[in-house]
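Okay, here we've got a single chain as structure tokens, the form predicted alone, with questions on binding and movement later.
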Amino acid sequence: MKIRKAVIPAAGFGTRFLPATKSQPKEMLPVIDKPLIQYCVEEAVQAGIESIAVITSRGKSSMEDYFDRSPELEQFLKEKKKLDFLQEVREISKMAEFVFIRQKQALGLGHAILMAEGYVGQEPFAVLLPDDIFDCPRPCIQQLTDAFLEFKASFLVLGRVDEEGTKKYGIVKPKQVSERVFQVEDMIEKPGPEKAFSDLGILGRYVFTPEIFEAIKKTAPDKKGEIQITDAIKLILEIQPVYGYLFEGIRYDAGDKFGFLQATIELALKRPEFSQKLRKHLESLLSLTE
């Protein structure tokens, strides 16, 4: 069954980017010339996803405005004959069908995904976390959706992490099935290197069967009062297999300040209009430090 729908949880406070996020959503911070969330949306659309639900919270209406039409801006660009910008602005609202769902309390990723139950219905769906920008030869979420079509089971994107990464991500206990596919036998949330099952971390992309919603409802909140999606996935393991896919490509943790800088610089180096000037500028900065 084709994956038609995606959920993008975007209701967090973005505290790692304060004070910039005091008055604007972290997801709207620009990486070069596009907001962070647009990279996520474009990835989903490139994978053939037609409809996207964005989980939002109070103070984040700018995301809804961004993916809507802007007749006044379009008219201004038309009058000024800025036709390239006009086309680009118009295409944003046409990328997919957008639904915005308000999460009234920040109760964890599991709860945010549960907010989309009515929207998703009884079909498999993708989840993309906007903190992560993937630069892949084939869209990262498509790597998952293709694997789902073969195995007909929930999939998680996996990546190799270092010891510090075991403190930041959920870590799986894997059973290798093929070069990039692993059956998940167990998982643990941010265990640290001493308790980690492996060096395979869960990195912000998922494809779920609809059974995940009942699992989330049965999942007890953690000490912070949040429902962790890893705990819900562990309940799914009791009734059906779950797999991980070791993605091919590069990932930037743009929810982290340094990762955000990395993404901005490295993606800019791939843009023809910036690459030569930026490369020369970086070389001149390095020469000053030698």
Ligand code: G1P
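A quick note: this is a predicted structure, and the numbers were derived from the prediction, not measured. Position 1 is the first residue in the sequence shown; the rest follow in order.
From this point on, the text means the form predicted together with this ligand, which you will not see here.
Heavy atom of each of L129, Y169 and L203 within 4.5 Å of this ligand in the predicted bound form: The answer is yes: all three residues contact the partner (heavy atom, 4.5 Å cut-off).
Which of 55 to 63, 223 to 231, 241 to 249, 39 to 47 lines the interface with this ligand in the predicted bound form (heavy atom within 4.5 Å): Stretch 223 to 231 is the one.
Contact residue in the predicted bound form, from L109, A196, A116, I216 (heavy atom within 4.5 Å of this ligand): The option sitting close enough to the partner is L109.
Contact residue in the predicted bound form, chosen from E185, E189, E91, E79 - any heavy atom within 4.5 Å of this ligand: If I apply the 4.5 Å criterion carefully, the residue I get is E189.
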